[in-house]
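Only one chain comes next, encoded as structure tokens, the form predicted on its own.
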């Protein structure tokens, strides 16, 4: 079994080849999709200005207001259904979010600390982003008995509010991998892997990945830190690879990218 995550830019620029790559996999696939760029584009068309914040650790993330959460739900649902439409010709495919069957639960962040435009730490209201607290592994395993591909939107459910929450694709993929222990977790991005001095770092141990996460730019730093934690939790390997190539899943499994193991 594989857990695969593809970001929104990969979906926008390489959708047909990505779908064909999933069709070629002779194994079960849990496919987590992003769509941040699509959410930003749709929000602006609706007159909602997207907002992003940076944590003290240098991690940049979307600040999700209640208004933008509605856009997020709409766009992510559309992406999921479009994937089901295309994959169902050859694969038994289902699309779910974390709210379906309480598949993925999360806790809304009531307060978050950010770095303001002056470079100072500031605490603000948390909005509608969440931290995943549990994954219903039994539900996913039951679904895999009936389906070849499970398409997962990066929305989790907070039963205490109750509300859907944006948990972003990376967090969703890492949480699912930790619970399901796939043969590999593939993170398909718009670059060839982790780049240091314009060269791809081909292999990293969990310790090396964690160390490098403190020295590398926003976006990739979080992937490396979570990859380190995921491999340490018992997942065999995490591969960060280019999703814009022909047959990106096969290329990643051949080690074309950065392998953390």
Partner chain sequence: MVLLKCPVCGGDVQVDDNALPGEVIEHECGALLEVYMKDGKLALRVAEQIGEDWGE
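Take the two forms, superpose them, and find the largest set of C-alpha atoms that agree within 1.5 Å; that set is the rigid core. Numbering follows the first chain given and starts at 1. Note that the structure is a prediction, hence the values are computed from the model and not measured.
The same protein also has a form predicted together with its partner chain, omitted here; what follows describes it.
Although the partner is absent here, residue 189 is not a contact residue: none of its heavy atoms lies within 4.5 angstroms of its partner chain in the model of the complex. When contacts are judged by a 4.5 Å heavy atom cut-off, residue 174 does not count as touching its partner chain in the model of the complex. At a distance threshold of 4.5 angstroms between non-hydrogen atoms, residue 222 is in contact with its partner chain in the model of the complex. The shortest heavy atom separation between residue 115 and its partner chain in the model of the complex exceeds 4.5 Å. By the 4.5 Å heavy atom rule, the three marked residues 36, 120 and 168 all count as contacting its partner chain in the model of the complex. Using a 4.5 Å cut-off on any heavy atom, the residues of 122 to 150 that reach its partner chain in the model of the complex are, in sequence order, 122, 123, 129, 130, 131. Taking 2 Å as the criterion, residue 138 does not count as shifted between the shown form and the other one: its C-alpha moves by less than this amount when the rigid core is aligned. Superposition of the core reveals a Cα shift of less than 2 Å for residue 203 between the shown form and the other one. Residue 114: CA moves 2 Å or more between the shown form and the other one after rigid-core fitting.
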